[in-house]
Structures are given as structure tokens and as C-alpha cells.
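Okay, so here's just one chain, in C-alpha cells, the form predicted on its own.
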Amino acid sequence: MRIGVDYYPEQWDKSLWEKDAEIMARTGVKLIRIGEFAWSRIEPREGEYDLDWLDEVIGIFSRYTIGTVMCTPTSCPPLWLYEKHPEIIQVGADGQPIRTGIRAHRCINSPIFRDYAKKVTERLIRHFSGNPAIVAWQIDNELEAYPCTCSVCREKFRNWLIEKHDSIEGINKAFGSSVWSGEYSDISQIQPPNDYPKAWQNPALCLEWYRFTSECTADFVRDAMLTIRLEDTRVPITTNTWFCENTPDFYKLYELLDFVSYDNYPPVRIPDDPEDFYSHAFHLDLMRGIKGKGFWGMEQLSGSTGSWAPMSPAPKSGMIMGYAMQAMVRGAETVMHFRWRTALTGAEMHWHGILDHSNVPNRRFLEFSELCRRVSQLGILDSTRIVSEAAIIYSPEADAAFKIQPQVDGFCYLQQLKAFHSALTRFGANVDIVAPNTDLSQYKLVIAPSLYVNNKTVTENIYRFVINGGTLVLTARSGVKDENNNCIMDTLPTVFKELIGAEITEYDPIGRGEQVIRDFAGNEFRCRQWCDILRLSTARAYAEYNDGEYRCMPAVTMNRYCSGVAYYVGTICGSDFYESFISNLMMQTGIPKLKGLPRGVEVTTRTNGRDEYVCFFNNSEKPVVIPLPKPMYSMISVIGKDRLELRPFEMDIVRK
């Protein structure tokens, strides 16, 4: 486990480089990341490269045994390139070129841009290949599934559709284009979704557009990766990501890369609403699940955020250390804080780093220094891993399809995943968040919220898991659409009817309205947004509606299928229901459960196959006391303890 910082030497006077390296080394920083926005310094004029300053920076930090993550600078083409080739600028949904002047406005499909991007990448890799100070390569920065509608992207999209569907007739059939006289008679008529709201447009077209843009982003990454690999077969390659406006398909994005990198900015204001699942434990578990192994935090919260939005509150005492430790125990092998020093110029001058504009060590710097010291003492965790008996399936296509056609007021796909994740972590369970086609055989419990878009391979995977003895949870809005994002002519949940032993006779999108359900033990819970009315065949009711016209009708069901069990949750409830429900499922499946954890405390268990280390993180603003079942040895304070007393955002790690 290592701590690093994002560093921008091109933004600082050279006289600061050596001073910064010396302070970082003394503090315990092991890595810097440089170069992702520096194309204009690397190639100030076409074909004229200046890498001497990078040599100097890398050399200085290397002398202090600080390694470098070198980035390809392709997120920010220099203005001379936009001036010479304005055709490389992205075109928006309205058909107008996006204004340049900030970042990421290039079209990644443009052959001209790709040629220049390859040249600058080749120059960098040939120059730095074999340099032992380079510990990783980062491709571009925060790549999105860019919805560019330029002529290159339009033509490429048309060809992509023809290749997939064989003909115009095949496209019309897949899209159901007879609606609103939308049938194509010529390939030239196919256009990307325009600036109308997506819900007004053909949902099949919109989902294919998402798939296409995600594949284009993955293709850009693949080309950059191959360019690097031709010269350097030693150094691992990544790119950094986050949940953004045009979130790409993470599984496609990282398919060929060596490891996942995530930009982690947990909230600094803890919400009062218990239904607001604020913890980034969900994001971290998802990142670990993309490749099923450790990842990096390529950017990590360091101070008040704000540039294009008003500034947030400053991180409270303990947050900088606590959130970095939270990321590490959940799989982050390296955490890079953004950034070393707050920028004096440019749009991000109020997105604060470890040091303020004054360059004077402050409270955050002292806490960061203590974090570096603590991480250096936890090397024993490097040989451990997270073993989970429960998994949650995340489907990028379902996420995209729900954004295209919002189901009901208040409905959010990711919130459903977070509700189940929060309930599992409430009882101290390790949780993997995995792709729909992941081998599920290692898990006892799998939760698959709203598998909205049917995929035959995924459906078979789900059935196989239950047939072999697994316990599965499906929820409302499963099996609604075919692979083309068109509704299936069958009673819901269509392909899953046999599995859940029930079918939906009617559904009611109640939105902000509320009803009450009662479970088999007589516990009552409020539900909202959605009510499926279920007719049972082989299933039994786990919970029924307890008021209104659906009174006594099943809301949640349980069905034994072959060697396994399938549950169906036909509504959306508050956290009290999910905690009660998950508690029962953990007991039935034999997943160990910690009782009595204070609200906000998160537990991660790591093992090396011989010893287990239990990490307790107080992700709340209140101090907590946690009794231990027996005295345990603390890896933090190096003493035995029979209870843990944690300040807000403090972590302790005990050997079980």
C-alpha cells in the first residue's frame, strides 16, 4: 500500500520542484502523477518536442526514491492543434462544435486527432521506456463515453450498426422503427440521438448509441495501450475513471488494461437523511469488482472542492486519513491525493490540494503526514485479500437504459444497488460488486437489482447460480426489455418467471406515494415508487401489501428452485426493510453477521489464508464504542483491546 500525490510541475516555478520532492520524501510520499494536461508543454509547436523538463522533474523525484506515474496528455490537445484542425473538435447533440478552451473537447474517433495522439504518445514512450522511475502509465484522463455527433462519428456509428444488424431492414426490425414513421430507407438517414430529451427518442437507438460510444472509448484506450506496449512491456498501464455525465461501460474500458484507477471524492458533508447512502464503500467495492482484484485511487479527496461549482466545506478532521484508509482496506493498493498544492491559476484554483495557496503546512498537511506514517506500518496487509460470500450485480446497460427512459419519479437504479450494499455492510459483510456475466459459483448470496435489459448469457448465468444451490434476489423492473431495449411481449418478469415462481399481473408506478408491506414475521415497512402485483405459482409470499387496494397481495416472494432459492422484491422500500431482509438472508445462507454495529461503522475483513484482519471504520461524525467478542491485537496502536473507541472517521484494524 502506497500514498502518492498528483503533481503539476508545469504549473510551478522550477525552484519549487526540489523543495517539493524533499518535503514529500520526508512526509512519506512514494509516487507522483504527472503529464495528463501538459501537451502544450510537451509539444509547444507541431513536431517540436520538449521533454527536458520532464527528465529534470522525474530525475529530481527519483533521487528522493519517489516514483512517477506518467500520463499521456491526450485529454488536452494544444490550441495550435485545434486551430490547424478544427474538425477534431467534438460536435454536440445540437450539431454545433463544442467551444474549446478547457479540456477533453477532442473527438476520440477523429483520424486526425488519433494520429497526433499516437505521435505524442510514441514520443513519450520511446523517450521514457526503460526508465526505472516510471512505475505506471496512465492513458488520457477521466475518459467518458463521449456523445460526439461529428461527421466521423455519425459515419462510424452507421457502419457499426450495419455490421451488427446486417442491413437497413435488420436495423429497422431491431429498433421497431415503424413507430412515428421512423423507418430508415437509406443508411444516411441514421443519426445519433439529438438534443431532444432521450425519453422522447427511440430507446433502441439510444441504447445502441451508448454501446457504440462505450466501445469507441474502449477502442481509443486499446490503441493507446498497444502504442505503449510496442515500446514498453514492463510497466503496467491504466486509465482513471469516475461516475460522470457519460459514464462508460467500465468492464469494456478496462478489459485490456492492467489495473483499474478510480478518482475518489467522498462527501465532506454527511447527510442527516438515513436513506442517503453517502458512503463511497459502494464505489470502492465496484471498482475492485471490475477486474476482480486491487485497484488504484488515482485521485483522492484532499481539501475543499469547487471550481465550476461553489466550494464545498473543508474535509473535517480525520476525513483525509479515514477516507484514504477506507479506500485501501477495500482494495486500493495505491492512493494518489489530488493534489499536492492548490493551483494558483486556472479553473481549478479552488479545488484544494494538500497544501493551500499559501504553501504553508496546515491541518490537512499534518493529517496527510500522519496517514503516510500509518500506511508505512501496515505492510502486513499487502499480502491479504478480500474474500466475499455475497455479490451485487451491476449492469452498465441497465443503468444506461434507465437513464434513457426514467421509470417513475424518484426511481434510481444505482440507489437500489446502494440500498442492498448498505444493508450488507451494516452487518459487517464483505461485498463484491460484479459484472452480470461474472462466474457466480464462489458466492452464497447474489443480488441482481432490476435486470431491465435481457441478455441470454446473463439470464443463463443467473439460472445456473440458483440451480447449483445459490440464493438469488431479483427486484422490480427485471426482464422488461429485450437486448434491443424494446419491451418483451410476455407477463413480467418474462424470462425470470419460472425462476421466481410467480408472475406480475399488474404494476403501479406510485412514485412519491407510499404504501405499507408486512413480512411473514409481522414487521411492517413503508414502500414507495413501485408496486408489482404478483400472482404465485410455486412461490410463497415473504411479504404482502398491508393497505390500499393491494392489501393481502404478495409484494416480496420466495421460491425454491432446484437446489437454490430465488427471492423477488416487487417494490422499493426504506433501509429498515433491506436491513431486516438481508439479516434473514445472511442467517439462511450462513454468511457471518456482526450485530450491534453503531450506525455509520463499516467493517472489512481481509485474509492471507492464515490470519484474518478486521478493519473497523467509523464513517460518521460521532464517536463510537465497539465491544469486541474477545481481546484482539490492534495493528494501529500495537496493543490488545477488548473494545474499540473510534473518533469520527477513524479506523482501527485488529487481528482476529
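For every residue, the number given is its place in the sequence shown, counted from 1. These numbers were taken from a predicted model, which means no experiment stands behind them.
One more form of this protein should be noted, the form predicted together with a small molecule, which is absent from this view; the next part is about it.
For a residue to qualify, one of its non-hydrogen atoms must sit within 4.5 Å of the small molecule in the predicted complex; all three of 142, 338 and 348 qualify. The partner is not drawn, yet in the predicted complex one stretch among 283-291, 543-551, 259-267, 156-164 has residues with heavy atoms inside 4.5 Å of the small molecule: 259-267. Shown alone here, residue 202 lies farther than 4.5 Å from the small molecule in the predicted complex, counting heavy atoms only.
Residue contact check for residue 432: none of its heavy atoms lie within 4.5 Å of the small molecule in the predicted complex.
Contact check for residue 123: every heavy atom lies farther than 4.5 Å from the small molecule in the predicted complex. For the chain shown alone, residue 208 is not a contact residue for the small molecule in the predicted complex, no non-hydrogen atom being within 4.5 angstroms. Exactly one listed residue, out of 64, 49, 37, 53, brings a non-hydrogen atom to within 4.5 Å of the small molecule in the predicted complex: 37.
Think of it this way: in the predicted complex, the small molecule has a heavy atom of just one of 308, 196, 80, 180 within 4.5 Å, and the residue is 308.
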